[in-house]
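First, one chain by itself: the form predicted on its own, in structure tokens.
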């Protein structure tokens, strides 16, 4: 056994023990594992590398924190609830379009935060009662929300696993929009239509309308949606017509939208809203800090190079099989950890293919980790949203969609060059 393999096993073993046995936060477990790896390699406690690595993902951390504040402002103002209500009122006679727009509505927080849990706990929680009123069984609703949350965290514009994978090979997060849309939208619409369409062919709007909650749109009108419109314009403007739009940076754009939202709906205390949002996202920030240190120590000790060489030496069939199983399974501990530990080496193993398409597909595989027990963040929270205590009942429904998702990702990698030229 090579020294690098010993170091990797020590790091991986301590990480699993810390996270699953000692029940320490994932971020803390990653820092402990990184320190143990450095000590095993004879590097002592490399404070400089640990600190430098912990700042590696400062940009995604700022994006996630400000996006969560923006989402909490939209929720408090009544904008999200009004969107859910309007979708059902306008499309209740068109079940296909109704499900498509509900899917997009649920996915939206994940698309701008890169977090599946943010999706489940915001729009997922808002949509779940309405979907049940439409006639969809509670367990099916939970499965639809869990899958939509995963597709949302992978869809553009913000995909943190893709940022981590790209950062591991010095590939900027540019040009991912179309590949990520191709990776997520067909699956999201296909899965939710296959699960929900048969239950909502006959919707009695008058029966369910009184149960949809308070109508903020009637009170505040179109101005409820001004913060969202401003954010979308600022984000798209700098990409489409950069000569007219300054590059303000995604975190600043979210803060602009949040401040505008204070005056466009229900009144709120901005500091309390911000405090709650940061509290909810703090575990994810800790994970990203820990991942940065973990990758830095893997590079320092040669473990990262060993993983790359090992990935390159695998026969093609085993490479695809290991990607389709190991990346989602490791994601049970952390989808972001899976992106850094396994996603980066596999991307390097496919350098002959279109790197952006491969990185997009690998990020889709990491997202499936949020379905895998014991953590299963998306699945467990989705089950709680509909009042189901046994998560495995939800997992049973999501097994086939998860397998289809993994196969879709592997096919994207196999045809990466063709898709790259097409997209």
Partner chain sequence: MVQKYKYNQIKIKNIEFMFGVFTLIVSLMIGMIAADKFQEMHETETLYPSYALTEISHLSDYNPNLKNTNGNTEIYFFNSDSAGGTVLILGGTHPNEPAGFLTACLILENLQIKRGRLIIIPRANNSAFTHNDPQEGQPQYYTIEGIKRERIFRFGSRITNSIDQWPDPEIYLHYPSGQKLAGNETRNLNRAYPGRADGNLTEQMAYGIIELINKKNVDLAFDLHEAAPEYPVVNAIVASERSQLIATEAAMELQFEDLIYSMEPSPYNFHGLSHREWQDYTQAMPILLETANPIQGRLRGKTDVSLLLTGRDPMYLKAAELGELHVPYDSAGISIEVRVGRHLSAIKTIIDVYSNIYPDKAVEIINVPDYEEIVSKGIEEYF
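Bear in mind the structure is a predicted one, so any value in this text is a computation, not a measurement. Positions refer to the first chain, counted from 1.
What comes next is about the form predicted together with its partner chain, which is not displayed.
Next on the checklist: Please tell me whether the candidate spot formed by 79, 266 and 276 is one where all three residues come within 4.5 Å of its partner chain in the model of the complex (heavy atoms).
Outcome noted: Not a single listed residue reaches its partner chain in the model of the complex, so no.
Checklist entry - its partner chain isn't shown here, but in the model of the complex, which of 222 to 230, 140 to 148, 267 to 275, 171 to 179 has heavy atoms within 4.5 Å of it? => result Answer to the contact question: 171 to 179.
Checklist entry - Would residue 96 count as touching its partner chain in the model of the complex under a 4.5 Å heavy atom rule? => result No - in the model of the complex, heavy atoms of residue 96 and its partner chain never come within 4.5 Å of each other.
Item to check | residue 122 within 4.5 Å of its partner chain in the model of the complex, heavy atoms | outcome: Looking in the model of the complex, residue contacts with its partner chain do not include residue 122, since no heavy atom lies within 4.5 Å.
Next on the checklist: Using a 4.5 angstroms cut-off on non-hydrogen atoms, would residue 129 count as touching its partner chain in the model of the complex?
Outcome noted: It does not: once its partner chain is placed as it appears in the model of the complex, residue 129 has no heavy atom within 4.5 Å of it.
Checklist entry - Is residue 65 close enough to its partner chain in the model of the complex to count, meaning some heavy atom within 4.5 Å? => result Close contact is absent here: in the model of the complex, residue 65 is far from its partner chain, nothing within 4.5 Å, heavy atoms only.
Next on the checklist: By the heavy atom within 4.5 Å rule, which residue out of 186, 283, 305, 352 makes contact with its partner chain in the model of the complex?
Outcome noted: Looking at 186, 283, 305, 352 one by one, just 305 meets the 4.5 Å heavy-atom criterion.
Checklist entry - Within 4.5 Å of its partner chain in the model of the complex, heavy atoms considered, which of 216, 92, 319, 199? => result Flagged contact: 319.
Item to check | Within 4.5 Å of its partner chain in the model of the complex: residues from 396 to 423 (heavy atom criterion) | outcome: Heavy-atom contacts to its partner chain in the model of the complex: nothing from 396 to 423.
Checklist entry - How does the C-alpha distance between residue 57 and residue 123 change in the model of the complex compared with the present structure, closer or farther, given a change of 3 angstroms or more? => result Closer together, which means the C-alphas of residue 57 and residue 123 are at least 3 Å nearer in the model of the complex.
Next on the checklist: What direction does the residue 289-residue 340 Cα distance move in the model of the complex compared with the shown chain, closer or farther, given a change of 3 Å or more?
Outcome noted: Farther, not closer.
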